[in-house]
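Next up: a single chain in structure tokens, the form predicted alone.
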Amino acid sequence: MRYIPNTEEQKMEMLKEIGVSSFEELIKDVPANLRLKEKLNIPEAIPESELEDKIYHLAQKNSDFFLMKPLVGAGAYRHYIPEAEKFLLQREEFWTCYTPYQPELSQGTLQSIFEYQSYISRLTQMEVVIPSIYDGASATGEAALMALRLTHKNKIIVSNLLHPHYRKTLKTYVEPHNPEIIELPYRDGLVDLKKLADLLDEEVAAVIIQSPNFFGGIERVAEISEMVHTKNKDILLIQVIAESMSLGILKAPGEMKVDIVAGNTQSFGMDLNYGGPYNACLATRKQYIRQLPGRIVGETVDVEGRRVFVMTLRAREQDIRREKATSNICSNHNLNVTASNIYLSLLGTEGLYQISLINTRAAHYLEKLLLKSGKFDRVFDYPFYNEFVLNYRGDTAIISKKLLENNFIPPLKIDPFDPEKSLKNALLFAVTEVLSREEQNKVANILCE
């Protein structure tokens, strides 16, 4: 944001244009008891050179977060972002990408949404995609609401290995509809299939699983899909994907007959940014298109035969009769959509596959090193992508301190987030391509000395 100073003459000119003679007259309708009577409690102005020096010395007290390599993921992942993307995102025409109501004035925004839909549709093998949902948690909530509207049933089976923040958000979203939420336990780090079979009945609207799940395990999605749809073809299977980079190497949800995908696409070109803003999407089959919230962009031709983009589907109730709307997703995270478009364009199919492959190889390499030391035990015998759980035989606080001293952000102590409270000394490690082989060896030496 630019700072634009105003002289006293300019202030008076603006007040005159408004039709008042002073600032006091401008705010006369604000009750006197609500006005601040004294100056703001902030320091007086100082010369720019002194301010710069002061900020510099304050900054010296901070750790350089970007010099620290994370061993923690749990829904937010640091991946390498090409400099070309960072440069292109600085272009000012991308900064005002609000909801594109008028296509003749919003071709750039509409095109970026269309391209994003195309990328996600190709990666998920789903027919329709809604872009620009706030994050993975709210996308999961929207998917559940969709299922309730489509099936008119009142039970939702939710995997205990769905990200704990997503589970809380889901419950908040569906609470006004008062459905019965049934927790699906895990077994050896994956959904308990036997228990799932027991829970399926005629009143179930949807089954929600995450894959890779919160513990990093790759769920048996195809087997779950067959079980769910064989039991009752009306039950919707919702797959949540918190680590979107896994789509570069794992089988697409659409190929496994998943009905709805709720995906957090932070890994596609967005850094951690202290927790956001991120971006997410909903993808589903064409037959469910009328129950999707948000907007869908399509392409057509104008009267002169030129390729143009339009809002193909957006219910008027979204903005006007909101009590009739499927959802009130009106904002547009289009700068983040553009970031993902640039990132995926730069990588291409082969690049995304190679980065995904590096992720899973690096994670398995580090796990092997740590197990070899004898100080860690495998908790689950499961397939995983780039996150895994290990049990440490010593004091986890000590190794966390050692890692921080060596510029590594420690893995997540999983006990507070374990829904079944059975993992007392377990750590959730995440490894992405930003952690080099040399750094992986260094981590192993620190943790195993």
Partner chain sequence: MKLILEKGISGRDGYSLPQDLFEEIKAEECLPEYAISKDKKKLSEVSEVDVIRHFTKLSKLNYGLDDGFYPLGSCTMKYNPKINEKLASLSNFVYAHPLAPEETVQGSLEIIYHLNQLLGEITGMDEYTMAPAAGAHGELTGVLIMRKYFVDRQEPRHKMLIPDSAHGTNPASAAMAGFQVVEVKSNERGTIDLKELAKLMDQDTVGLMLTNPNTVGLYDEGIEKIEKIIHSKGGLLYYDGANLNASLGIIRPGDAGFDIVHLNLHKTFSTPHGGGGPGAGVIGVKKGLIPYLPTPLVAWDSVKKRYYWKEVGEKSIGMVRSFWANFPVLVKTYAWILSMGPDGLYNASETSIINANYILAKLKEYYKPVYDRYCGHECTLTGKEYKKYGVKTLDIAKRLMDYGIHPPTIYFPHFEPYAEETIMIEPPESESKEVLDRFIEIMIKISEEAKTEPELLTTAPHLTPIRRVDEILAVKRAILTYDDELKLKDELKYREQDIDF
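Numbering follows the first chain given and starts at 1. Throughout, rigid core stands for the largest set of C-alpha atoms superposing within 1.5 Å between the two forms. The structure presented is a predicted model; accordingly, all values stated were derived computationally and were not measured.
Omitted here: the form predicted in complex with the partner chain. The next part is about that form.
- The listed set 181, 199, 310, 148 contains one residue whose heavy atoms approach the partner chain in the predicted complex to within 4.5 Å, identified as 310.
- Shown without its partner, this chain lists 52, 395, 420, 415 as candidates; in the predicted complex, only 52 has a non-hydrogen atom within 4.5 angstroms of the partner chain.
- You can rule out all but one of 154-162, 201-209, 230-238, 349-357: in the predicted complex, only 349-357 has residues with a heavy atom within 4.5 Å of the partner chain.
- Mapping the unseen interface onto this chain, residue 189 falls outside it, with no heavy atom inside 4.5 Å of the partner chain in the predicted complex.
- When contacts are judged by a 4.5 Å heavy atom cut-off, residue 388 does not count as touching the partner chain in the predicted complex.
- The closest heavy atom approach of residue 100 to the partner chain in the predicted complex falls within 4.5 Å.
- Proximity of residue 298 to the partner chain in the predicted complex falls within the 4.5 Å heavy atom cutoff.
- Using a 4.5 Å cut-off to the partner chain in the predicted complex, not one of 185, 243 and 372 places a heavy atom inside that distance.
- Along 205-219, residues 218, 219 each place a heavy atom within 4.5 Å of the partner chain in the predicted complex.
- With a cut-off of 2 Å and the rigid core superposed, residue 397 has a Cα displacement that falls short of the cut-off between the shown form and the other one.
- After superposition on the rigid core, the Cα atom of residue 50 is displaced by 2 Å or more between the shown form and the other one.
- For residue 438, a C-alpha deviation below 2 angstroms is recorded between the shown form and the other one after rigid-core alignment.
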